[in-house]
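A single chain comes next, written as structure tokens; it is the form predicted on its own.
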Amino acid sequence: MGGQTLVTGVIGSDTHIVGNRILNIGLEKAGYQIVALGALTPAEEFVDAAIETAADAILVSSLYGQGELDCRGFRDLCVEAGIGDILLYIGGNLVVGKQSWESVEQRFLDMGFDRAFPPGTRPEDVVAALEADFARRGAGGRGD
């Protein structure tokens, strides 16, 4: 599979880029076109890049524990920009303190993300999720 365009980056004031780079390498090997925004990326830049590149999905990384704050309203930004149906993933160390993954995951799903991945998720697990979600949505990726 693959071939779809994915916008990736590290949101907010987070500078932890290594995991995001490893993910990008795995996604490229799986045949995806990557638009890598790097670190310190505001939510608006993810949305702008997705529009400019006609991306099929946005994959947000956060490792410094502030993902919940940085991602509030992310889906709303997508809706306001006319890409409310874009596939939206998040992964990393998303909250401060020790919390059950199930509660963290549910919080991000409630925020409008299609999937949330815990720290240590392997790129092949993200590829498998993308393949399943794109297959479910149809060839266009956005449910069209």
Partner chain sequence: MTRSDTALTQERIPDDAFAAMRRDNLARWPTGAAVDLAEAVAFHQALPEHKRLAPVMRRAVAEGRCLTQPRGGVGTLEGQKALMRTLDRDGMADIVPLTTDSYTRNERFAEAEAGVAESERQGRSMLNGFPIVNYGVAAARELVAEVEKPTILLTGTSMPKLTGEIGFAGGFSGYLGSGIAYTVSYIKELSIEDGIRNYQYLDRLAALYQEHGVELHRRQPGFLTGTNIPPCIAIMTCVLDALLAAAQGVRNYGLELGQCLHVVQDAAAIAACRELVQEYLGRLGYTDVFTPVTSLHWMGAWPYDDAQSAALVSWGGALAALGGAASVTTKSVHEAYGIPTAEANAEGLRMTRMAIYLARSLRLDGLPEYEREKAQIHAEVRPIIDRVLELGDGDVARGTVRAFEAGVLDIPWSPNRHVRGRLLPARDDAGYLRILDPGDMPFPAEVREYHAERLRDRAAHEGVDFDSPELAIASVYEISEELRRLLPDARSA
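Predicted, not measured: the structure shown is a model, and the values here were computed from it. Positions refer to the first chain, counted from 1.
Separately, the form predicted together with the partner chain exists; it is not shown, and the next lines address it.
A.B. asks: Report the residue, out of 51, 40, 79, 109, that has at least one non-hydrogen atom within 4.5 angstroms of the partner chain in the model of the complex.
C.D. replies: Contact check passes for 40.
A.B. asks: Would the partner chain be touched by all three of 21, 69 and 123 in the model of the complex, meaning a heavy atom each within 4.5 Å?
C.D. replies: Answer is yes for this spot.
A.B. asks: Counting only non-hydrogen atoms, which stretch in 54-62, 109-117, 80-88, 93-101 is within 4.5 Å of the partner chain in the model of the complex?
C.D. replies: Partner-contacting stretch among the options: 93-101.
A.B. asks: Is there a non-hydrogen atom of residue 132 within 4.5 angstroms of a non-hydrogen atom of the partner chain in the model of the complex?
C.D. replies: No, residue 132 stays farther than 4.5 Å from the partner chain in the model of the complex.
A.B. asks: Any of the heavy atoms of residue 25 lying within 4.5 Å of the partner chain in the model of the complex?
C.D. replies: Although the partner chain is absent here, residue 25 would touch it in the model of the complex, with heavy atoms inside 4.5 Å.
A.B. asks: Would you please decide whether residue 127 lies within 4.5 angstroms of the partner chain in the model of the complex, comparing each non-hydrogen atom pair?
C.D. replies: Taking the distances in the model of the complex, the answer for residue 127 is no, it never comes within 4.5 Å of the partner chain.
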